[in-house]
Ligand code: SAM
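Take a look at this one chain, the form predicted alone, written out in structure tokens.
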Amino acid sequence: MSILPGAYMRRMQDILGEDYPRYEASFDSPAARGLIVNTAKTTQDVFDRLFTMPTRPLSYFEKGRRLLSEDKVGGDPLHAAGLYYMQDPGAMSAVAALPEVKGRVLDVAAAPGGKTIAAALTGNEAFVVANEVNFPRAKVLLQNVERMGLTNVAVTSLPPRDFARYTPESFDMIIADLPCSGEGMFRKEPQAVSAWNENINLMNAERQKEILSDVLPALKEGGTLLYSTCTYAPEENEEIVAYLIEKYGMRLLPPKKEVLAVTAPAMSVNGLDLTNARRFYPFIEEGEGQFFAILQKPGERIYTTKSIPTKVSINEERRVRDFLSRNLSAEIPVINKQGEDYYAVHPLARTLPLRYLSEGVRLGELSGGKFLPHHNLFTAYGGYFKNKEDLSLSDPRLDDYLRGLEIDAKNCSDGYVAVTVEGHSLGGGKCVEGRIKNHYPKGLRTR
């Protein structure tokens, strides 16, 4: 067990009372591991048939699983194909608590991407802008979104205040999983214990208030805010919820009933009943600590359906669509250009005048009169490619492909080809006379 700071232990004893020994005992168990099944790429049944590590479904989140293995998944071809995303089971509880996810959603501090992915998988009625102000972390976020092949996510790296400035009252929902003292991660991350001190909670609370005041003007009247942290500090949890209620007139909403059994009610602050805000403890359900609250902004929400025309010339769009129609059996509804690259964008993306790292699915670029497809085209639409080379999990060519080597072509014809594993796209290549030239990105290749 990690040696916890004395002041922290005393505070947790006050909060938990007779449950404190159960909390302390949880440090004798390893941190829980979990995953989200990517139902945009596969079905739960197919995933269970292909995934060999033992899992257990989560009672509160249909797409979530408790992973009952300590084996690493980084080299798993199913992980490379984006069939699942690793996330702590406790962290899944926040998005799982939402009654619905619909319209334009801003995940304001999204890296590495767990809550963005969970929100996007609710269905194509949601369009998620995944933002991360830290640029290196934003690149990791983008890589995860591309691997999962999500078609209803755009990625930005902007200060939160830019959304209030450029897109006021534009989002139906804001997900604010904000930087915190990380007390809920003490079992999993010993460095969080060593970084803790008695001043860190108030410092983080002020930072959280600043971010919320910057971003809340971007939320529509009647819109929903999902506020969450991975800490137990009341200053960063209940007191922030009370601040949102008292300063902004927000109303605390009940979570889905499935999460009630695996969480504890929040504490009262300033006489406010905050029972609908919830605390996830590892002694109630396996997973690391989490706090979340669902709040509604005053007013009546009107969902936006209009879109702004794209900025692609008729000639450019014709050339891009000519390549897509030759190679794909699916129709890409909206195409836009960002820099030299062309993107398949969600219709609601074009209502937002933002600077994107990625406006949607990066299709590729025109060069010397030819269209050069990007890896993201294969991860998102590989299942629709007319020319495919499918590899089984036992095929020796699978390891070679993930290492970046050329492989023999057994089923595909000459031209661009989607390379799939058990019918799920890994990436692309180009078939030439019985050999597939490997286009799997160098940064993703196994050694």
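Start at 1 with the first residue shown and count on from there. Keep in mind that this is a model prediction, so the values were computed, not measured.
The same protein has a further form, the form predicted in complex with this ligand, not shown here; the description that follows concerns it.
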| property | result |
| --- | --- |
| Contact segment among 358 to 366, 254 to 262, 109 to 117, 276 to 284, judged by heavy atoms lying within 4.5 Å of this ligand in the predicted complex | 109 to 117 |
| This ligand contact at Pro160 in the predicted complex, heavy atom, 4.5 Å | yes |
| Interface membership of Arg321, this ligand in the predicted complex, 4.5 Å heavy atom rule | no |
| This ligand contact in the predicted complex: Gln87, any heavy atom under 4.5 Å | yes |
| This ligand contact at Leu178 in the predicted complex, heavy atom, 4.5 Å | yes |
| Contact residue in the predicted complex, chosen from Arg137, Lys337, Lys209, Arg350 - any heavy atom within 4.5 Å of this ligand | Arg137 |
| In the predicted complex, the one of Glu146, Glu132, Asp172, Glu288 near this ligand [non-hydrogen atom within 4.5 angstroms] | Glu132 |
| In the predicted complex: members of 48 to 66 within 4.5 Å of this ligand, any heavy atom | none |
